Every structure is written in C-alpha cells, then in structure tokens.
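As a starting point, one isolated chain is supplied in structure tokens, in the form predicted on its own.
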Amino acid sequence: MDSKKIQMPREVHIGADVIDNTGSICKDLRFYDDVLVVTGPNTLKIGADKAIESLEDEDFAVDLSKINDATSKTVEKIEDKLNNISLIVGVGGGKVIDVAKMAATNAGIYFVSVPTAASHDGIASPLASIKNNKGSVSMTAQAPIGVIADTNIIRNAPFRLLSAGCADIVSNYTAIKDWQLANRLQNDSYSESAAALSLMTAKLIMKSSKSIKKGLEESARLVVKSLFSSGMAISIAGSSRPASGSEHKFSHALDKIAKKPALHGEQCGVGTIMMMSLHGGDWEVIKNALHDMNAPTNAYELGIDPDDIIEALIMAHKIRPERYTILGDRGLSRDAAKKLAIKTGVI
C-alpha cells in the first residue's frame, strides 16, 4: 500500500489575546534562534508589534519585513532575508501568510501562521496563492507548524473579511459535489474523511449563519475554527479539492475579467449559488445563508458588472482544466450562462 503524508500544525492556539503568548508558544515549539516576522503595513500595529514584543520578551532576536503583495518576487525578497533565520512568523491577512508560508517552504525552515482576519482557509493549509506572470497560482507549500489566531484582533477586523471567510467555507458544498462527480466520471482520487470534514464545516457555518455578528468574539472564534477545519480537510486530501471546485473556477475567472474584483470568498459564495443550481441542489438555501452572513449574493453587491459575471461563467471551465467539475470540458454557452445568472438572481 502506498504511504501518504498528511501535514498538520503541531500546535493551534485560538482565543482572545493569544498573540501576547507568541514568544512562549514558539519556545514550546523548540525554537530558540533568530526569527523573521513578516507582516503588512496595516497589520504591523494591529498584531505584529504585539507578536514582536512577546518574542523579544522570550529573548528571540527578531527581524521585521513588511510586504504589500503576494507575488513570486516578494517571496524571493523574503527568502533573501533568511540567513541565520530558523523560523518565519507571518502576521497578517492572506497575502502575508501565503508569502511567509511559501518563503519558508522554499528555504526549508518552519513557519507560524498568525492571522489578523478570518477571510480564507489558508491560515492552516499546505497551499499558498502566489501571483506570477500567468496570474494567481495555487502552490504546494509546507503547512504551518503552529497557528496563533487571536480572536480579539480578528473580531475587530472589518466585518466584510469575516463574512468573506464564511462564504469561502460555504463554497465547500459545491466543491465536494464537484469532487464526487470527478470521482464518478473521471475516476479522480477521493477521500471520504476529507470530504466529510469539509461538509461538516460548511454545515456548521450554515447552521450558525444568523449568529455571525460584527464585533462578536464568539463569531470570530467560530469562523476561525471552521477555516482551520477546512484547511485540515485540504491537508488530509493532499489537494484543495475539498474546498475548491467550479465556484472557485468562477472566482478566478472573475479575477481575470473584472476591473475591480471583489474579495475571493465573496466571489466564491456567489459562484456557489450558481453552481449549486447546476448540480440540481437547493441554491436558495445557500443564498439565504449568505444573506444572513451579510455576504454578497449578486453582481450588484459584489460591485461587478453583470456582463462580467456572464463572461466569467463562460470562461470558468478553462481555469485549471485538469480539475473536472460540473462545468465539464466545454463549459457553458453564453445563453446558458445568462439563464443561470438570471434564474439565481445573481444578475
């Protein structure tokens, strides 16, 4: 029997003010040498300063690097700063965490994820989204050795980010349907345990949709735990299949077409409404749950031209063509795309 490697964080800390324990957590993980903290211009004061203070209190020598984007060049710049560094601590949103994760992977050192917003499941997964000349590419990386999610910081982040994280989790529903379809029609490998964890996570968020509130620590804690579970499903599967299907293809197509794309999770949520309809599922339940979470459910709320929605639906099957979904090999015709978007109220 072939062996399988599953990467998971060694320690996960979720709660109010846990960022103040960053130094002691890193000590418990058996790190003692120099540390590089990677953050963004806005998240420096929000979280990185606290993490640095905690690390220095535990006698770590700390270097700091601020980044603005998640590109291959940015990853290379971080790698150039890793002489004598044994650990990278990424404090920030998705771009910061993805860059820190990828740089640590390339350098063969460890990485601790410290999210300041709950907008994506990359906080714990072994994948990173990095932009290069071909656009945004999902790259295999090492999962973080530790996750430190301070729910006081996350609850004070813009609520739109938390809502987008919820929508990203809801999209697991159609991702699993696509995965099952690919298993039946293309004999793609399929993990029952990863699929079950992914669906359980989506169901929990859907069940709690009315209780996801702005500024509520319990809401931040619930969403972070759900994003972590979604990331673990990806680790178990060894691919993003449990959390990325036709709805993600639609979102990536929008990124290419729209003049100003919305947040990734928001676009995936709207994509889930339409892809659930294609699957013959109850898309109205998905739409109502997203509405309860204050996530966009149509082009107007996304701030995207309805014509771009149609074009993205037509293009979506060309995104990662090796990943079979309900969109098939030929995709949707213009008439079918327009009919779908109108039927679901997206345009």
Ligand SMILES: O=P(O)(O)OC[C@@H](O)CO
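The structure displayed is predicted, hence computed values, not measured ones. Just count from 1 along the sequence shown to find any residue number.
Absent from the display: the form predicted in complex with the named molecule. The rest refers to it.
- [ ] Find the only residue in Val89, Ala243, Val270, Cys166 having a heavy atom within 4.5 Å of the named molecule in the predicted bound form.
- [x] Contact check passes for Ala243.
Task: Gln180, Asn106, Ser72, Ser138 - the one with a heavy atom within 4.5 Å of the named molecule in the predicted bound form - done: Flagged contact: Ser138.
- [ ] Determine which one of 80-88, 243-251, 183-191, 209-217 lies within 4.5 Å of the named molecule in the predicted bound form, judging by heavy atom distances; exactly one does.
- [x] Looking at the partner contacts, the answer comes out as 243-251.
Task: Residue contact check: Ser129 to the named molecule in the predicted bound form, 4.5 Å heavy atom - done: Ser129 belongs to the contact set for the named molecule.
TODO: Indicate whether the named molecule has at least one heavy atom within 4.5 Å of a heavy atom of Arg320 in the predicted bound form.
DONE: Result yes; Arg320 sits at the interface with the named molecule in the predicted bound form.
Task: Residues in 90-127 with any heavy atom within 4.5 Å of the named molecule in the predicted bound form - done: Heavy-atom contacts to the named molecule in the predicted bound form: only Asp121.
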